[in-house]
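First, one chain by itself in structure tokens, the form predicted alone.
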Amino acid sequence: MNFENFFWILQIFIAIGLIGSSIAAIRFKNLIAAVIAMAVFSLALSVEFYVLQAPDVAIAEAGVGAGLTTAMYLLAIRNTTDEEVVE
């Protein structure tokens, strides 16, 4: 297997991961599961950036997209309730 075949096989796996995680993030009813699917999407996207020889963008995507954004969403979900407040 030469490098070009390996590159295209890796691209196909990353594309499948991106599409699968985005569909999962949309379809999940549980908010925490949807946030985790979004984190997986960001990690797959950071791998794609690394494969396309943009390691600085990959590190930023992994840190901000997968790490910081996921933590912010999880904290926001934790501080909300599913009950309606009537005043």
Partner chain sequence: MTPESLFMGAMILLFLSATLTMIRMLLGPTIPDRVVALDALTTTTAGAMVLYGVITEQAVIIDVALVYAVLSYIATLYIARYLVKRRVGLA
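These figures come from a predicted structure and were not determined experimentally. Numbering follows the first chain given and starts at 1.
This protein has a second form, the form predicted together with its partner chain, left out of what is shown; the following refers to that one.
Exercise for the section: May I ask you to state whether residue 82 is within 4.5 Å of its partner chain in the predicted bound form, using heavy atom distances? Expected result: Heavy-atom contact with its partner chain at 4.5 Å: present for residue 82.
Problem - Contact label in the predicted bound form: residue 1 to its partner chain, heavy atom within 4.5 Å - result: So residue 1 counts as contacting its partner chain.
Exercise for the section: Considering only heavy atoms, tell me if residue 26 and its partner chain come within 4.5 Å of each other in the predicted bound form. Expected result: Outside the cut-off, so no.
Practice task
Residue by residue through 22-49, tell me which have a non-hydrogen atom within 4.5 angstroms of its partner chain in the predicted bound form.
Solution key: Residues within 4.5 Å: 24, 28, 30, 32, 33, 36, 37, 39, 40, 42, 43, 46, 47.
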